[in-house]
Structures are given as structure tokens and as C-alpha cells.
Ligand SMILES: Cc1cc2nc3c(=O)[nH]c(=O)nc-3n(C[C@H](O)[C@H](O)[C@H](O)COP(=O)(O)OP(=O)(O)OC[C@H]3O[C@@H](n4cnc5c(N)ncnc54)[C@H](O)[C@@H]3O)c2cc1C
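Okay, here we've got a single chain as C-alpha cells, the form predicted alone, with questions on binding and movement later.
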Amino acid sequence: MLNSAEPIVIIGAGESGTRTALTIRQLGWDGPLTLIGEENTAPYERPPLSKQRLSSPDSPVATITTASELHDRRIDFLQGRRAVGIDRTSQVVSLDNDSTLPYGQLLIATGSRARPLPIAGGDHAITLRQITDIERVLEAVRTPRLCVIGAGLIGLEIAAQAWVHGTDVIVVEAADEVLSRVAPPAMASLIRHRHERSGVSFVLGTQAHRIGRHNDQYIVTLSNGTAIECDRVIAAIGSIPNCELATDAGLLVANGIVVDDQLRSSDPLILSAGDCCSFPAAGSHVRLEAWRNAHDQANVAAQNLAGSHISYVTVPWFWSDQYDFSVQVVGTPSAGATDVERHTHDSATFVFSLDVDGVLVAASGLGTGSSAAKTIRAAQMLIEDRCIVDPAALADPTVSLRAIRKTATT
């Protein structure tokens, strides 16, 4: 353990920041520990915002922890406070109430914010990122006609929830297929067809060019000249990492706060975790906007803040709940050269992606409830071991992935 007299300060009370604070205490580190949360609420989970909260708005907020638990663990939680500066020479964090906090080590876990539409009238579009956005989004998904710009995970989840409320939904996507960043084409096509069977319309391969307003209606003009009339517009085109503090402090930033395998920034006393950090993976640096990544990085950050030297190694994993099915994606589908499909007796569908050497690099599953979860977990182990697998065995639903792993070469 490091000198417990040296205070640890964590900026950001989302998944990574809060989990890091709790884990540090679980590890037995008993020094001064401060968690700074900009939102005026207890730390909460963000994934349910586009899932349970839209389908059941009266359901309780899924909290990560409570203010009383943080107090019991001797974590000084500054709720509703914003860090406005970092002085690396003096090792202090400046807050928006003109106070300062000294630190021995610092974790920046400021997350990301919804990317605004960079078009004329883009401010008419609603975004979903924080709990304070829920009321406006709920109103939007209950209107007669809704236009969703962006067919990523969040955009499709919103479209599915709007369908539940009987809304006429049209989704605009600049790419030629939905989920182009996270799912292989075969899986993306299956998901789109499921939406289309529910009545959701898609305009693919074109961008929103302008949003105008006429009386109580919005007119979304696309780059191909098409005009879409609707009652509300929601933008779900990704996020921007909150790196301004790091940039102003002179840390290395490139699509996220650049860290090493131990999550340390260009200043070894400052670590970063979650959506705002760019970490080494597969020979390059990546930034992941995923709950699992934020959660797992918190565990590594806590150990390293407490004096360990643990490397963060991960296989990306995403999930999404839409209608009555769940989508899970593990690995990096874009690294695949060949896709192999598997259809199981319980109507689950899987797409396995192999690279040019036959190594499994990704697996995607689509099924009701948790029907895909077991296979995806087994696939993750194959990916972690960099196994060369037989495509015929992957396609055969009678051959378990556990059996494939026993005979696979690495």
C-alpha cells in the first residue's frame, strides 16, 4: 500500500469513479479519499436510462451506491460540485466554489457527454445521457411521430421503446447499416429486420442536413433532399469524452485521455478510467463507451491507486435490450475476415467473426431473455485465448463452445 497520508481525489461519480472509490476502501486503503460528482444526485447506473426507465418511468433509479454508504466508508462525496482545474505542480484540484483539494494521486473519470448534431437546427434534437434528460425523452417517445438520428445501440433502444408506446418511428443513419460500429453485418441486418417487422422505418446511407420547425412540427431535411415531418427529434450519434480538464492540465489527449496499460496518464500521479480514457489494446489505443469497460477499469484503477501495478487487459463487451430480445457482442467484429452463423433450437442466432488466420476475434448473439448469454461467455474465453477454431464446429449448434475450446489450437 502507498502512504495512506497522501490523499486520493477522484473526479467523476459515474461507474468508474464511484466503483474505484468503493474498491479502494475494500482493499483496505484508509487514507483521505474524495469523490467529486458534478450531478446533484447520488451515483447511478446509466444503461437503464435507455432501457428500464423508458419502458417503466416510475421504476426506481438504479443507484451504484448511496450517500450514506459513501459516508460510512469514509469517502468524502462532494455532490453537485464541479472540478474546474488541475494544478499538477502544486497537486491540487480547483472546484467551482473557489475551494481547492490537495491530492497525492488523482483519478479522472469524467465520462463523456452526448454528441450534439453539428447541423443547422441541431439544437432542436433531444439527447439522452443523464437522468435529467429522461423527462424530455419520455415525452418524445410518446408523441405520434418520432425521428431518431443515429442507429447505434442507444438509437435503436429508443426506437424500440417508442414502438412500445405506439409511436411511428423513423431512424436516420449515415452508414449503410445499423450498428455499423459494434456488430458484424449479418447480425446488424437481423436486428434491423426485427425493428422493421415492428413498423420502424429506416433511412440508411444518408445524413440529417437541417432541422427546421413549423408550428408544432419539426422538419428534418436529409442530405439526399428527403424531408421528414415529425413531432420530436432525438439525436443518438455517439458521445464526446470529457477531457477538457486533462487538456488544460497539459496531459496527453487523443480521443480520450491517453493512458498506459496501468491506466496512468502522461503524469504518473494521474490515472484515468471509463469513457474518457484511451487505453492500449491490440497494438493501438482505443476508447470504449461501455458499462463493462468502465466497471472493470475501476477495479484496476483502485488497485493501482492503492500501490499495485496491475495491467488492464480486456475483450470489449456490449449488450442491448430491444423489444423481447437481447443483443450481446464480445470482441472486435471489425477485425474479422470471415463470419460464421449458428442458429440454435431456442431461436437464438450467433455470428462468429474469424480473422485471416482463423482466430476467433468476435462473437455476437441475438436471443430472447438470457438465451445468448452462456454462449457469448464461452466465446469470450475463446477470444481471450486467441483460439484458432473450426468454422464447421462453430456453425453446428450441437457442438458446444466448451468442447471447441478443448480441441482448439492457439
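Quantities reported herein were computed from a predicted structural model and do not represent experimental measurements. Don't overthink the numbering: it's just position in the shown sequence, from 1.
Although not depicted, the form predicted in complex with this ligand is the subject of the following passage.
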property: Contact flag, residue 157 vs this ligand in the predicted complex, heavy atom cut 4.5 Å; result: yes
property: Any non-hydrogen atom of residue 289 within 4.5 angstroms of this ligand in the predicted complex; result: yes
property: Exercise: residue 46 in contact with this ligand in the predicted complex, heavy atom 4.5 Å; result: yes
property: This ligand contact at residue 83 in the predicted complex, heavy atom, 4.5 Å; result: yes
property: Which of 198 to 206, 175 to 183, 211 to 219, 125 to 133 lines the interface with this ligand in the predicted complex (heavy atom within 4.5 Å); result: 125 to 133
property: The single option of 302, 294, 149, 271 touching this ligand in the predicted complex, heavy atom within 4.5 Å; result: 294
property: Selected contact from 262, 278, 332, 242, since only one has a non-hydrogen atom within 4.5 angstroms of this ligand in the predicted complex; result: 242
property: Triplet 139, 167 and 231 all within 4.5 Å of this ligand in the predicted complex via a heavy atom; result: no
property: Residues from 37 to 54 in contact with this ligand (non-hydrogen atom within 4.5 Å) in the predicted complex; result: 37, 38, 39, 46, 47, 49, 50, 51
